[in-house]
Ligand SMILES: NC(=O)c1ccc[n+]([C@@H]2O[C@H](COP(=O)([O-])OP(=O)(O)OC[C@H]3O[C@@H](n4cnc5c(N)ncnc54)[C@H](OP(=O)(O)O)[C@@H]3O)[C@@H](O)[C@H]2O)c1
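This document opens with one chain alone, in structure tokens, the form predicted alone.
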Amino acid sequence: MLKENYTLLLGASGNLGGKVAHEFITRGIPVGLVARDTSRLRAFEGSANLLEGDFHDDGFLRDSLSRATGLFCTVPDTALAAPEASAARLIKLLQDSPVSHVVNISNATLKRGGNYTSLIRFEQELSKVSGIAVKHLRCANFFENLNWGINTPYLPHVKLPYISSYEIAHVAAVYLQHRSFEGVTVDELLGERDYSMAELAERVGVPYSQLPYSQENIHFYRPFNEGEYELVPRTEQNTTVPANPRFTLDYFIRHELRLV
């Protein structure tokens, strides 16, 4: 039987969602974990409500939210094809639910090629919700992005902020456990420092080889290489002073990096 009054975690089978789920379960907080295939959530059997369904299914999401008081939101890439419409749809479902607090994962890259990124557009629309506290976490690139491949179309010297998904999961879990935030607010999480791909490759111990653009990725990488992007400015407040070894690049390289 499903427990009531849980915190609903979208994308629980993903890299970040799984870490948030672990944080909640460790803290003894009831959670409902959503995945399109609950076989990917077997590690959480007996510790959480496992909910098989899709973000795009209104009936499923409405039913799941009807028993939730909090929401951890990571939207699938398919929902970001039309970010404003996806956020407006989620607002409608939230307004009919008992959810009081939402933590939404957003992006530290504000603009690319002169346009707001899809996650920022989703954030802007979701901020129109009324009567529900929303905390947007504008996050740097995840270290896990390196698992897609050390060699990319980025120019070797382009520096971008990187962060551990363990740190993001910790911050999100603390916010949803204590629920002390009100209204619509934004936190910026930029990690300890910026890195270029050449630096990251050197830390890993391999040479960096810049790949050519493809038709599929040129719209993403070229704005960075040509300086046509806007990041959250780094400040003392949004720069990490790692409080846990798992929050560091060294930990990621030793324990989670998969060179391909």
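Not measured: the values here are computed from a predicted model. Throughout, we count residues from 1 along the sequence that is shown.
This next part talks about the form predicted in complex with the named molecule, which is not shown.
Is it true that Ser13, Thr78 and Phe142 each have at least one non-hydrogen atom within 4.5 Å of the named molecule in the model of the complex?
Yes, because Ser13, Thr78 and Phe142 each have a heavy atom that approaches the named molecule to within 4.5 Å in the model of the complex.
Scan Leu71, Ile105, Leu94, Ala87 and let me know which has any heavy atom within 4.5 Å of the named molecule in the model of the complex.
The residue in contact is Ile105.
Select from the listed residues Arg36, Arg222, Arg27, Arg62 the one whose heavy atoms reach within 4.5 Å of the named molecule in the model of the complex.
Of Arg36, Arg222, Arg27, Arg62, the residue with a heavy atom within 4.5 Å of the named molecule in the model of the complex is Arg36.
Pick from 198-206, 224-232, 211-219, 54-62: which stretch has non-hydrogen atoms within 4.5 Å of the named molecule in the model of the complex?
The contacting stretch is 54-62.
Is Arg40 a contact residue for the named molecule in the model of the complex, using a 4.5 Å heavy atom cut-off?
Looking in the model of the complex, residue contacts with the named molecule include Arg40, since a heavy atom lies within 4.5 Å.
Does any heavy atom of Val99 come within 4.5 Å of a heavy atom of the named molecule in the model of the complex?
The answer is no: Val99 has no heavy atom within 4.5 Å of the named molecule.
4.5 Å heavy atom contact, Leu119 and the named molecule in the model of the complex
Yes.
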